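Okay, here we've got a single chain as structure tokens, the form predicted alone, with questions on binding and movement later.
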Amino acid sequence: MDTPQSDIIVVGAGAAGLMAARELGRAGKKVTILEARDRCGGRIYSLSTEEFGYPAEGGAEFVHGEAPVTHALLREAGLSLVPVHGTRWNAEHGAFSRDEAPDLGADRLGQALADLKTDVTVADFLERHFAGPEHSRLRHSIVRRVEGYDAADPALASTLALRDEWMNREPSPQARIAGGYGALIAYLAAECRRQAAVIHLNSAVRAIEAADGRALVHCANGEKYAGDRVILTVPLPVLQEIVLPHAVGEKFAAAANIGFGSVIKILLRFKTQWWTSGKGRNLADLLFLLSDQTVPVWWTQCSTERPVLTGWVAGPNTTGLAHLDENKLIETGLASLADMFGLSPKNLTLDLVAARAINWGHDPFARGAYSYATPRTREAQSVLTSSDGAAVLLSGEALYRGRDMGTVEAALASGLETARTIIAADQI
């Protein structure tokens, strides 16, 4: 059988891969997309409406920051955003209080961050400047934020990158996409097909050969595909599982200097929004609930029609739960909620309609959730994105050099940039 020939082979049908393929197709390139899963989207994973009453998100959920590429794509697709409103609450020792996050630009902390000239890890920064017992709450708050929001290990995470994230912009509201991120992926996949790109599902790539300026891609199912260039958009841990040409492998070794965190997401649909009242509490405005439970972060859909709580365990905290299967993770989530609210796990289970737990660290085509910056990440990104006419290129959220690294916006922007780099090079 003849090996199918393309101008560009895109490995991965997530946000970065689809965005790159659509842009290249528009430029007249013949594009083949190889996706290991039986669906498009990658770490965007919409669950069935039948389960949760709406297209719940098993993966990426929020639109963060300004996200110009995402917003432009949403307008193009005719999709709208739903602003997220509500209150952050803390649960501590059986009591609930409104979460008062520390002012990261004030007083001694702000000055220490502003004075930082050479990058260090967050753990080193805290040890140098805030080691005393009087700073225990500040350390706890910062570590919780680094681990929970960035899915990062404080012993590896870059302080300078997080300083930019925390201090150099006004807080922007978060939002969700009406219809979920799956609607955006469906639009992008349809756009790719409209540009004559061919999408092959269940086509996990195992090896790539490169010779004479062309590439040959080998899939686990025995299929082979040839192209002038290959764009790899797989998550960084999966990159290590693909056999690459020696020179490409040496270059891509720089990816080891980019952090990559894991996430466990637990979705629980109940018959009622039991958490909004009871025992003298009124949490009707609850958006995020933070605690020191095994499952430390929960959020709501801010909708009376969606009695769903989403649990979140991220970063190093996922390690202690790595041995649990989905049912045990759901039980752990229910136990955390029951302990916070002083309820019986059995009664919560009786009120349960549907439940899912997704451990992204166990996903064979993700091996984690998203990337974060270490002190050596910016240098690594420069190496990995250098344009040297190579037949194999890397793209994805881990290569994004803006402030919202690790987001869908980062993936879309990186895919777009990679495609435009190829198009510009071919015009020379």
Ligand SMILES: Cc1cc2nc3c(=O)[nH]c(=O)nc-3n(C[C@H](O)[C@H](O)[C@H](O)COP(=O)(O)OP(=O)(O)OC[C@H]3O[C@@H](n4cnc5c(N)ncnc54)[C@H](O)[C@@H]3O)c2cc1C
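Residue indices: 1-based, along the sequence shown. Computed from a predicted model, the values in this text were never measured in an experiment.
As for the form predicted in complex with the ligand, it is not shown, yet the points below apply to it.
Each of L34, A204 and V238 places at least one heavy atom within 4.5 Å of the ligand in the model of the complex. Contact check for Y54: every heavy atom lies farther than 4.5 Å from the ligand in the model of the complex. Taking the partner from elsewhere, A123 is found to have every heavy atom lying beyond 4.5 Å of the ligand in the model of the complex. Using a 4.5 angstroms limit between non-hydrogen atoms, K30 is distant from the ligand in the model of the complex.
A residue is said to contact a partner when one of its heavy atoms sits within 4.5 Å of a partner heavy atom; G25 fails this definition for the ligand in the model of the complex, lying far away. When the ligand is considered in the model of the complex, only one residue from R401, H362, H64, R376 comes within 4.5 Å through any heavy atom, namely H64. Annotated contact segment (heavy atom within 4.5 Å of the ligand in the model of the complex): 196-204, selected among 196-204, 329-337, 244-252, 128-136. Residues V11, G12, A13, G14, A15, A16, G17, L34, E35, A36, R37 of 8-38 are found to place at least one heavy atom within 4.5 Å of the ligand in the model of the complex.
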